[in-house]
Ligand code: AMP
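Here's a solo chain for you in structure tokens, the form predicted alone.
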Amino acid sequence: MTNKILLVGGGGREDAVARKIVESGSILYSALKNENPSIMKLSREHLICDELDYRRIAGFAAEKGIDLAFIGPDPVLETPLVDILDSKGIRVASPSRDAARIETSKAYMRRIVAEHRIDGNIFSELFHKQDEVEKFLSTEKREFAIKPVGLTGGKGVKVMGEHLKNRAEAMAYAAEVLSRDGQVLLEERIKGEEFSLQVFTDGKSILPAPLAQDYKRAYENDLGPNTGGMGSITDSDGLLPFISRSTYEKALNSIKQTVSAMASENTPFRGIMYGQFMDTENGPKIIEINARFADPESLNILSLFRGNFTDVLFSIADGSLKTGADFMKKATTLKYLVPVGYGTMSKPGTLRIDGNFETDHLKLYYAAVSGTMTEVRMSGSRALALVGIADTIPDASDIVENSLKYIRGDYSIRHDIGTPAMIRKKMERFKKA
């Protein structure tokens, strides 16, 4: 009997997941808020709805006899959807609402990391009163990242000395978060090279993916406002040119410790866990731990994934994960096409795609768009992701650049991602460290 898989989400990350589900021989059903033409084409049936409408999605899953569900967007994990599906006997390869707190509550994550003495923790302090924050910042000489405790979509964190020019601006932003959320988290600012480590886990075993690095700044040379991510890279050896094997092993151990800690608290994590780390002079430090695939970094690793993806999802849900999948030993470079003004004030338009130009070395994923496979209407967010696959990161970058001639319309893109100049600059810092 062919498995029926429900995928929730309509972005580029979900398009990559959808393709792997269908390639694995399963029947895809989807629930998404936008009319993503790629996901809809791959789906036997789809439901267009608010992705946070968990009751409607759960009803759709029950009506269609879904065998297993997979949740893409992080805000959906904050709803009771996974728990409701589980109560209906539908297996889910995503974490429960409680387990998803490792991402949906930064305070919960820091407590887990601190109490279980997980490697890579940094100093942090949670505040509920403005006068306490002001007193703390007026006496502290260190700089801090000021964070809302909940989900921010990669855009709510502001860092002293980077986004906040002085302590007065830091106090003002902390007050803004406090007035809105009733709490604010301050984490010591650390410096180094960021990287992402994503793993598949059933709550006990772990299958790690290649390291990735994403680029959040809207403009080239890492300038401009933070975004959800303009692009990302992976390398052929599963590391990055500027991240050592030792750093990778330490980061992986931190993820293993986190999975074990959550199991010990009777909150097993099943799904995709992804750690965002900073490689510092004192080793890798945990910036965040997330409860789902990264976007854009997941598109890189899913483009390299080999094996039966559906089998991996079932083994996650059933607690029987094995190493039955691996990744091509190739490098990738991903670049997102986004609306003009993305990161400040998006001006979405229409993009036209000249037929199917994908190859074994180039993938095109449809993200926050609606329309057809050859003409899409952009929303205010990321539109199309191009992933080049080659022996080296710069070669993969060239593949993406050479494919832009097939896409017409007004958009912004970071051409510098994955270029020799960018890699050389990072390698120089790596050698100095």
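The structure displayed is predicted, hence computed values, not measured ones. A residue's number is simply how far along the shown sequence it sits, counting from 1.
Although not depicted, the form predicted together with ligand AMP is the subject of the following passage.
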#### Entry: Heavy atom within 4.5 Å of ligand AMP in the predicted complex - the one residue of L164, A145, I118, V199 that qualifies
A145
### Message
Counting any non-hydrogen atom inside 4.5 Å, which residue from D235, E78, E193, E187 sits next to ligand AMP in the predicted complex?
### Response
E187
### Query
Wondering, does S254 line up within 4.5 Å of ligand AMP in the predicted complex on heavy atoms?
no
### Task
Tell me, yes or no, whether K106 is in contact with ligand AMP in the predicted complex, where a contact means a heavy atom of each within 4.5 Å.
yes
### Query
Is A218 one of the residues lying within 4.5 Å of ligand AMP in the predicted complex, judged by heavy atom distances?
no
### Message
So in the predicted complex, is ligand AMP close enough to T247 to count as touching (4.5 Å, heavy atoms)?
### Response
no
### Message
Can you confirm whether L240, I417 and M422, the three residues that make up this candidate site, all sit within 4.5 Å of ligand AMP in the predicted complex, judged by heavy atoms?
### Response
no
### Message
Tell me which stretch of 359-367, 156-164, 261-269, 305-313 has a heavy atom within 4.5 angstroms of ligand AMP in the predicted complex.
### Response
156-164
### Query
Listed by sequence position, which residues of 275-290 have a non-hydrogen atom within 4.5 angstroms of ligand AMP in the predicted complex?
Q276, M278, I287, E288
